[in-house]
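Just one chain is shown here, as structure tokens, and it is the form predicted on its own.
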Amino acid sequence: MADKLKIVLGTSNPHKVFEINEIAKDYNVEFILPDCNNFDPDENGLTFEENAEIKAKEASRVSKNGNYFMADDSGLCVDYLKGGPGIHSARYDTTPEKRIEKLLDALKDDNKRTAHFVCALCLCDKEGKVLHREKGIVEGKIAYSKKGSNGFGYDPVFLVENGNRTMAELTEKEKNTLSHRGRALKSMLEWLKVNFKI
């Protein structure tokens, strides 16, 4: 078998690299962290797509390893909050617990709890040229309280599609199939399979 295609993932989060490699294990590709001390780009884009591109290009700029660079930008969009917290999902409050509390508090008098998770992916080369983009969306609604211990972020309060389980109640395998990141990544991997013969 040919050597694995190595792609630098524009993140400082080892768990995200692990999760993405789990989803990609049936493909001849390996995602790795940037080889720099502090990967912390200024995510000043106005959309998930723009922020994913900023992170992918920053990875190509600062990382010495790899010829290909990919990044994702993800978030929760709640209809009642006019799409918020959206691209500010990770900065909605200071900790994951406080972010969930703030979200539940904002919706406490409302029954319109429909929402969706978005993941935008951007792949570029070492010159920073964008090669491909993908987007994954999963529909659902916000629960009235936290349930489940798997996952992270808003997973404990996000009821998946027509189900009665939160994202945090799914097994890792179920989540990788159903999640916005899983869907975007599967599409990206299929594109890589065709174009890079992985």
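Note that residue numbering follows the sequence shown and begins at 1. Note that the structure is a prediction, hence the values are computed from the model and not measured.
One more form of this protein, predicted in complex with inosinic acid, exists but is not displayed; see below.
Although the partner is absent here, Ala106 sits far enough away that none of its heavy atoms falls within 4.5 Å of inosinic acid in the predicted bound form.
Inosinic acid in the predicted bound form is not approached by Phe69, whose heavy atoms all lie more than 4.5 angstroms from it. In the predicted bound form, none of the heavy atoms of Gly136 sits within 4.5 Å of a heavy atom of inosinic acid. In the predicted bound form, inosinic acid sits beyond 4.5 Å of every heavy atom of Arg183. Interface residues of 147-175, taken as those with a heavy atom within 4.5 Å of inosinic acid in the predicted bound form (partner not displayed): Phe152, Gly153, Tyr154, Asp155, Lys175, in sequence order.
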